[in-house]
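Single chain ahead, by itself, as structure tokens, in the form predicted on its own.
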């Protein structure tokens, strides 16, 4: 019997409840959630534990500080330590797979019902070189968030955006019409994608310094310098403080930002505008999709998969959405009036139609630092977009060559 057939048979027996060896088993699950997300996730884990009580299954969840999370997975799992299941976004997936002994392939466990339950495109983010390595759990992207006291009607085009932002900008008093972390490449990607730029082309070739990406940076610089609608030295902390102080009329930000908004601020959400200068193409923010992965070091992979599957179910999805305010990947939950009637959940779900999954290539981890350096050089006037992106591309390509040489 082939290895895949062996696992499939084991999975089938497990799902039927025939797995005496898993009696009194403990599942260890790592995540990086905080606040309401953490509470909702722990509630779902406890619910699974209750459902499996007759088999003595215990679920232990551990919240890992986000800044140390990826390195902790990379250091622990390949050495046979760490969790049975871990939750993380897809951008690291390719790197973990290429390095080996980190993520277990799970395609052979999956049935058609599980494959069909997800929103369009979600399972693709968990797929690397044709193999499924995780179950998509929730998604995040940025959208337009505005102060209703300042903005009565959110802009639908970049022309409307600039005109409105100019009226709402008063640099002397420290108020700006548009505020976002524009030197952070994650936030800039929405503009880059509108112009048709990419980090890698469909064949995996690095194309960061393409004319399209250069045009997108020039557009950002026009908003900053020529139109004067954005503040200097942006940061996540600055965006939050300015919005809460009524000094930022509109921001581009994600669902994580909602919890930072002061109760005194009446805010609204809208889909990011169409960019007139890019042929009236919509801003397409990167879609970060968190997956539930079975650890390659787990000694109980069938049980780990079953827990991951439960996390993506409608039952778990409603808890994670309504109590944790997560944008769950199960399509059925959006038919529930409590979800569809939630202003925040609906807004980010609406943005989904013009969002683009972040690449999950192994080389993505090498892009962030050089790209961020390039953005800062351009904004500070130390380099042209062409020169900054060329320098960044050279640095990234050098790292990629070293990676491929070491394989």
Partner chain sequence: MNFAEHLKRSAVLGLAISILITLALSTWMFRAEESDLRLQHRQRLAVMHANALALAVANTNVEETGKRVSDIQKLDPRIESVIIVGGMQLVASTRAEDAAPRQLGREEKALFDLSDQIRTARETNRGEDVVRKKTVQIEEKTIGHIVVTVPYLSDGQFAGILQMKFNTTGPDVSGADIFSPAPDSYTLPALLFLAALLAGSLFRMSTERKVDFTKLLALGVFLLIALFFQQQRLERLERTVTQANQAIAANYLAAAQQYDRLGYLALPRDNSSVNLWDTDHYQRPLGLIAADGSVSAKTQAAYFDKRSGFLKRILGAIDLLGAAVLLMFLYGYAARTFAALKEHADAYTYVAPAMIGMLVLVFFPFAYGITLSFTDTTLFNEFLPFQDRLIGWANFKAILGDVNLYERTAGGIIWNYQNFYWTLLVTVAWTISNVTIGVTVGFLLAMALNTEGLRGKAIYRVLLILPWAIPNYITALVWRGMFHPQFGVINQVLQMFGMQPVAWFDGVFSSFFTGVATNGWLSFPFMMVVILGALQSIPKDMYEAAEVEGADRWQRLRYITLPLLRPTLIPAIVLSVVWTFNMFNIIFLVSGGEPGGANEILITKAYKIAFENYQYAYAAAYSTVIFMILLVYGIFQTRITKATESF
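Please read all numbers here as calculations on a predicted model, not as lab measurements. Residue numbers count along the first chain shown, from 1.
Although not depicted, the form predicted together with its partner chain is the subject of the following passage.
- Contact check at 4.5 Å (heavy atoms) against its partner chain in the predicted complex: all three of 108, 203 and 238 pass.
- Heavy atoms within 4.5 Å of its partner chain in the predicted complex are found in one stretch of 81-89, 147-155, 96-104, 320-328, which is 96-104.
- In the predicted complex, none of the heavy atoms of residue 384 sits within 4.5 Å of a heavy atom of its partner chain.
- Its partner chain is not shown here, and in the predicted complex it never comes within 4.5 Å of any heavy atom of residue 274.
- Of the heavy atoms in residue 42, none are within 4.5 Å of its partner chain in the predicted complex.
- Taking the partner from the other structure, its partner chain in the predicted complex has a heavy atom within 4.5 Å of a heavy atom of residue 232.
- Of the candidates 352, 28, 70, 366, 366 is the one whose heavy atoms come within 4.5 Å of its partner chain in the predicted complex; the others do not.
- In terms of contact with its partner chain in the predicted complex, the residue from 130, 279, 120, 263 that brings a heavy atom within 4.5 Å is 130.
- If you take 283-305 and check each residue for a heavy atom within 4.5 Å of its partner chain in the predicted complex, you get just 302.
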